[in-house]
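As C-alpha cells, one chain now follows by itself in the form predicted on its own.
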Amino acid sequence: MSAPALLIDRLTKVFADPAGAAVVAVDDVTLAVAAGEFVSLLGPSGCGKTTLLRIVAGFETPTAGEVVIAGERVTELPPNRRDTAMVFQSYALFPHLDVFENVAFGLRVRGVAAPSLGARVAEALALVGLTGLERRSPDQLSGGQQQRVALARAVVTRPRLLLLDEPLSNLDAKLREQMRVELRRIQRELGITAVYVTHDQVEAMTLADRIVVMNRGRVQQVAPPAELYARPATPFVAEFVGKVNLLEGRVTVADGDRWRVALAGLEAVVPARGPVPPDGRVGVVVRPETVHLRRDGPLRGVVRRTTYLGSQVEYEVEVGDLRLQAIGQSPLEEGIFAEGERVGVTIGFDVAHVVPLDGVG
C-alpha cells in the first residue's frame, strides 16, 4: 500500500498568550490524506485550522508530532523544501511583477529554463482562464482575476500538495460561487492533493471529498460531506454544519434498530445508534428540510416566524413545548404560511440521527 500524500501524526501546537499562559491551538491531531484527495479543514475562528495548515506548510513549528509528505518526514524542513504550494487569503501577489512573472516566480527560483518556463506559465494561465493577460499588473486585475493568478502561481510548480487558506473569502458571493466550481475543476484536472481551510460550510461541502471539522484545536469528525450532514458525530458538528433542530430527549424503549425517545411533549421513534447511553439522554438531530408544514397533519403547531428567501421559506413553528425550524422548499407552489397561523406538522423522525449528549447541558 502506498504512503498517504499527507500524514499528520499527533500534532500539537502550544502558544503563550500575552500573560505567558499556555494556549493549545492544535491538540493531538492525526489525519491521513490520500493522493488526489481534496480535504477541507472546517471550523469556527480560533479552532486551530489555519495553525494546522501553517504547520503543514512549514510556517509554524509544532510543539509535538510529525508531518509526513509522500512518505518523507518533513517536520524540520523549511517551506521551500516540502514540495508544497500555498494560496493565501490575501493572494500575496508581487505588485511590481506582471501576471506572467508572478506565475513564473517559483519556476525561476527552481532554475527552470526559458523555453520550458514559458510553456508551463502559458499552460497554468490557460488552466485558470487568464490567457492574454500575461502583461497586466496585479492592480489592473479584478479580485477574481487576482485569485486566479495566485492559484496559477501555486500549481505551476506541480507541487505534491496544494494548501489553501480561505482563498475565496475576499470575493463577492456570486464570484465566490463561480470560483468554487473552477477550483474543484482545476484540482481534479491536475489530480493534485489539496488541503483547504475555511469557516464556510458551503465551501467545504461543495469542494471537499472529506471534511475535517475542528473545534478548540481538536478534530470532532472526519467524513464525506453527505455523511457529515446526515450523521454528525457530536452536537457541535450537528449545529455547526447546516441548520438543525437538536432536540434533547431520553430513550424510553430500545427495540432492535429503533429507539423510542421521549421529547418535550411528544414521543419519537428514531433509528438506533449504538448502545443506549447509561443515563438515556440523547440529542435527536432533525434537519429543517425534514419538517413539513401543511394545512393538515398528524401534529398541530403554530407558525411563530416566517422568513421569505425567494426559492424557499424558513419557518419557526411551535409544536407543544418544542420550537422547530422548518423549510418550505417551493413557496410558488405551496404558498407561504403567515406568522400566527395554525398548521399541520410532519417531523421526519424516520431519517433523524441520534447523538450522545455527554458533556452537553
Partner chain sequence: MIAHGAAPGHPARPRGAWRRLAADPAVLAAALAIQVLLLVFIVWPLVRVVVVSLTPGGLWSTAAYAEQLRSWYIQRAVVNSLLVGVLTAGVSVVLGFAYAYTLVRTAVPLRRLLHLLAILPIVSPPFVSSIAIILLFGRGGIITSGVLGLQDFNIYGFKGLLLAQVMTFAPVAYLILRGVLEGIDPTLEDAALNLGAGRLTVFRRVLLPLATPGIASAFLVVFIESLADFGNPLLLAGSAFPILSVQAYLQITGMFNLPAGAALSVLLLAPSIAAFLIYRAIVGRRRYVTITGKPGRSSLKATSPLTTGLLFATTALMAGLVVLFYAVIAAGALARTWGVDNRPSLDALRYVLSVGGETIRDTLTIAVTATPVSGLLGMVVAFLVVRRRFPGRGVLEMTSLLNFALPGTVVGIGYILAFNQRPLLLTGTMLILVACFVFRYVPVGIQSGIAVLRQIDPAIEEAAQNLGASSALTFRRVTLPLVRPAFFSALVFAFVRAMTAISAAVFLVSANWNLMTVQILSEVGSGRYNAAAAYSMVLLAIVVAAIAAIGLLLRRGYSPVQGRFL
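Everything numeric here is computed off the predicted structure, so don't read it as measured data. Residue numbers count along the first chain shown, from 1.
Note that the form predicted together with the partner chain isn't included here; everything after this is about it.
- Contact annotation: residue 54 falls within 4.5 Å of the partner chain in the predicted complex, judged by heavy atom distances.
- Taking the partner from the other structure, the partner chain in the predicted complex has no heavy atom within 4.5 Å of any heavy atom of residue 191.
- Heavy atoms of residue 146 reach within 4.5 Å of the partner chain in the predicted complex, making it an interface residue.
- With a 4.5 Å cutoff on heavy atoms, residue 40 does not count as touching the partner chain in the predicted complex; it lies far away.
- Contact here is defined as any heavy atom lying within 4.5 Å of the partner chain in the predicted complex, and by that definition each of 59, 80 and 108 is a contact residue.
- Annotated contact segment (heavy atom within 4.5 Å of the partner chain in the predicted complex): 46 to 54, selected among 66 to 74, 303 to 311, 28 to 36, 46 to 54.
- Though the partner chain is absent from this view, in the predicted complex it lies within 4.5 Å of a heavy atom of just one residue from 89, 290, 234, 206, which is 89.
- With the partner removed from view, the residue among 138, 118, 277, 242 that has a non-hydrogen atom within 4.5 Å of the partner chain in the predicted complex turns out to be 138.
- Contacts between stretch 169 to 183 and the partner chain, counted in the predicted complex as any heavy atom lying within 4.5 Å, involve 170 alone.
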